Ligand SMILES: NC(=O)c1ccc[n+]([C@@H]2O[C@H](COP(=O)([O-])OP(=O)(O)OC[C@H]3O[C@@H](n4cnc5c(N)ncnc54)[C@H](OP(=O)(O)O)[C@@H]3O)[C@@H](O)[C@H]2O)c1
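Next up is one chain by itself, shown in structure tokens, the form predicted on its own.
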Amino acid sequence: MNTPASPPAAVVTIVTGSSRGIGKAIAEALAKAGHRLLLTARDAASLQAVATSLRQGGATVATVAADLREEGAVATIVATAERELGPITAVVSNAGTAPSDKIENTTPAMLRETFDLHVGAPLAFARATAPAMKKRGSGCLVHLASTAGLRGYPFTAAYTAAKHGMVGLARALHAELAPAGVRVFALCPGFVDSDITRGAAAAIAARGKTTADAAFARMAAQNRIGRMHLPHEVAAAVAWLLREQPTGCVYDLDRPTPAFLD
């Protein structure tokens, strides 16, 4: 008598900053791919709206409204995911901020916030989840980085520095964890058509030398693909990395043919 095949293990994924924009698109793509999701963001109402929509489509979704900069937030998110969904398979660190201003207006507080979200939070998730992933010999950490982590842009000193830190953190984690079977990726799109990007364009316009539309167009022109990336394109790349788990680390999405960098 043949023994029935065991069902595939549940894929449990944490997605941060998942109440809108890129994070929401990632949550939708991963729900469609069958992931059990723990969604987290600061805006509880928007987070619940996303979760409700995904549940109506048949997805299993838990939520934690939290500010990742607060002590204990990551531990609470991880514990909730494990309790309600099972062992954590992957973490997608998408939450962030993108202040835009001249260097003389870039404050220590701006720098702290961007580093706390883009570097401190991903490191905290790695510390919380890597031990179990190493023990299992599998797992994946995806950092939603940027081409600002690969080169510099004007009026984005804090953001560019933080994204370079995020890419560097991914490279260090990859070097340490890949031998244990844990994949780490820094996904680097260019400017994405999102609330954050449009907010940055509005901030540039508020300084009085251009319009928000013109600033938005200039940002799009800086992308190598010649236009804004779209949230669903970034989400598709995240889903592909989690599904295929290739051997590279830094994935430059802002190319006609996306590629891994050394």
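Note that the structure is predicted; figures quoted are calculated from it, not measured. One rule holds for the numbers: they count along the sequence shown, beginning at 1.
Omitted from view is the form predicted in complex with the named molecule, to which the following refers.
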Margin query: Each of 20, 97 and 190 within 4.5 Å of the named molecule in the model of the complex, by any heavy atom, yes or no?
Written below: yes
Any non-hydrogen atom of residue 42 within 4.5 angstroms of the named molecule in the model of the complex:
yes
Margin query: So in the model of the complex, is the named molecule close enough to residue 185 to count as touching (4.5 Å, heavy atoms)?
Written below: no
Any chance residue 69 has a heavy atom within 4.5 Å of the named molecule in the model of the complex?
yes
Original post:
Contact between residue 117 and the named molecule in the model of the complex at 4.5 Å, heavy atoms?
Top reply: yes
Among 141, 162, 145, 81, just one has a heavy atom within 4.5 Å of the named molecule in the model of the complex, namely 145
The one option of 196, 31, 235, 51 with any heavy atom within 4.5 Å of the named molecule in the model of the complex is 196
